[in-house]
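So this first bit is one chain, no partners, the form predicted on its own, shown in structure tokens.
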Amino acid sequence: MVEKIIVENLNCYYNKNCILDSLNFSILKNEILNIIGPANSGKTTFLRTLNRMNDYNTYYSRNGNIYLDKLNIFNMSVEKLRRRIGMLFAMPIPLPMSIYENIVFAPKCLGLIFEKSKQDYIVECVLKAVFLWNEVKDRLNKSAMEISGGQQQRLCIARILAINPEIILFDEPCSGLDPISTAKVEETIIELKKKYTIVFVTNNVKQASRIGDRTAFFLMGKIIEINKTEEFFISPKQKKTADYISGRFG
């Protein structure tokens, strides 16, 4: 398997407190890597470091390296990096405009599309990719704030796809959704793996067992275990992993 991302001796700090401690692992191309662990284990900090969202936080510091296709992400411009790595947050954040404009807004700002026909094509393609087209195709000019929370979250995924990234980071994207909406988002993520590399943070161990190719367990800023998801949940190698996934702590 091809390594898409390589994390090498990564340490991250807030106010000099170590949040991520000596991380060394890789993320494979076109895999879904789950990251699970209790609160304050460094999961979101890792995602925000991958996407360089902490760069302007004066309380944050780091050392070590992360390579994307063998290029150090800390030597790239933030704008270039975020074209390649998109991120979805726990709560859907649609822009206060129509469904259609939500999708074409970023590509137009980046100069990726100009012709109306190309915009129409991209809107249809990305909405179909997240299984939302049939639900909203007759109301594309309606406000995105009028659709359900689950639909808004899939719209936000479509908005990321519109700029054609290579990697998508998901930070607990189903935490505020009902079971039916959660199932649709999970279906979307599994389908997206065919084209994208996905890093999926979740606090729901059952969800992680359903959708990931591999799963990593973070605890107090360290990786305790990383393995193929089936083996991870059936026969964990570390006692701390077994205790966490069985609910004995966390």
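For clarity, every value in this text was computed on a predicted model and none was experimentally measured. In this text, residue numbers run from 1 along the sequence as written.
A second form of this protein, the form predicted together with a small molecule, is not displayed here; the remarks below concern that form.
Only one of 39-47, 208-216, 25-33, 64-72 places residue heavy atoms within 4.5 angstroms of the small molecule in the predicted bound form, namely 39-47. Taken together, the three residues 14, 172 and 203 all lie with some non-hydrogen atom within 4.5 angstroms of the small molecule in the predicted bound form.
Residue contact check for residue 19: one or more of its heavy atoms lie within 4.5 Å of the small molecule in the predicted bound form.
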